[in-house]
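You are given structure tokens for the same protein chain in two forms, set apart as structure 1 and structure 2.
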Structure 1
Amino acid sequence: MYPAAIPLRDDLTTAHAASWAQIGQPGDFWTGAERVDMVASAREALSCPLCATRKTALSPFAVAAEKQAGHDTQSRLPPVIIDMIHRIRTDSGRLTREWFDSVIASGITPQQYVEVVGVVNTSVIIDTLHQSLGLDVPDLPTAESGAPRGQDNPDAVDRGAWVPVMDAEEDLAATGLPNAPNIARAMGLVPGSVALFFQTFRPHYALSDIPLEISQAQAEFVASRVSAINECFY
């Protein structure tokens, strides 16, 4: 996926290639073609006029009805999922509990929701890195046929998030943080989504002794600055 001349670690390029291929495979609650469509929709969101209008509004839910005609998209996904993907891609910092409840009330299951979150944000990492390095985003993954596996986690628990999360011990690591921080548990309702996302994320970062040329403090500054720009509390 990346030219050899760019100094990226082998484990990162290997993980990205694997994740890209896996996006095209049937997931747990969506087909391979639908998952590829999610990536295409996330890309469309970046040039969507409705999303641009919402982004500049005082509240993304305050855009006048006549401007809510729809997103600029070729997607065949359900409209509520297209809207969800566009909001996650362009204005994730202003998602609300009330909005999430409306998505679920439309008939989308929490399992389907979590899988969309995993696929879209995996593609966000891969696309952002490509564009940051001056590369074209990769061609969409090849969609494979087959039915979704339907595998969720029946032991997921309520931890105060919008969705049930992975159950885990509360013990602390040497960093003083939990061995299983909430962010690692957030998509635990669908284990396949946790695996896909963190396979992609893990080679980018570590909580301590980060194996990069920049120091831990430099990495934490970058991470914190991204969180602030994206208005992320976590």
Structure 2
Amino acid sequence: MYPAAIPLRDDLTTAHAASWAQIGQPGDFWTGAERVDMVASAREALSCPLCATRKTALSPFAVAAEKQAGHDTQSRLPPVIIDMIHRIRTDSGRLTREWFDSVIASGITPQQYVEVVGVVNTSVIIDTLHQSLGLDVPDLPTAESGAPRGQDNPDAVDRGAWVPVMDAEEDLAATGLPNAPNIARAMGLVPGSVALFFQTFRPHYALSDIPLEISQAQAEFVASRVSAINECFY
């Protein structure tokens, strides 16, 4: 997945390769082919004229219906999922509860929603690392046959979020942040999505004992700066 000449740690390259292969496998609520199509749709969003128009509008919901000719896509996914992926990839900071409710009203389950979020965000980690290194994004994963597993978290609870979340104590670690990361809690309805995301993400960042040549303080500075540039309110 990465040229041997680029000095990346083995744990990172191994994790990314494993995650890329797993995206092509059946998930809990989507087939392998559908999950691969999610990655393709996320990439298409970056050059989608409709997404560009929405991004520059005062509100993405202010774009007149007659101007919404549809997303520029070759995807076979349901239109509501294509729109969801494009919004997540290009303008996630302006998603609303009303929009989410409309997605669920269309027949998409909260479990399906969480898995889409997990696959798209995992692919973004891998694609953006390639781009930052001056590499072409990797070829799409190979889709494997098989039915979705259908495994969710029966112990997920309603805490007033958009979807049921992981039932975890809200105690704080020595870092001052929750012992159970909020990202894990938010995707906790589908444990497979949590595992996929954190397998990909962990080699990049940790709250303590970070496995990098820079210090923890320097890592926090970089993380904060990148989050600010990306307008990440999390």
Partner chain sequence: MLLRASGEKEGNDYDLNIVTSESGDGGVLHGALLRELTEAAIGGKWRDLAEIRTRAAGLMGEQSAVDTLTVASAFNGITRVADSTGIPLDPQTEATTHEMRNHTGIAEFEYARKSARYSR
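For residue numbers, the reference is structure 1: its sequence is counted from 1. The model shown is predicted, which means the values in this text are computed figures rather than measured ones. Only the largest set of C-alpha atoms that superpose within 1.5 Å between the two forms is called the rigid core.
Undergrad: Please identify the form predicted alone: structure 1 or structure 2?
TA: Of the two forms shown, it is structure 2 that corresponds to the form predicted alone, while structure 1 does not.
Undergrad: So, does A17 move by 2 Å or more at the CA between structures 1 and 2, with the core held fixed?
TA: No, because once the rigid core is superposed, the C-alpha of A17 moves less than 2 Å between structures 1 and 2.
Undergrad: Cα of R225: shift between structures 1 and 2 in Å, core-fitted?
TA: Superposing on the rigid core gives a C-alpha shift of 2.7 Å for R225.
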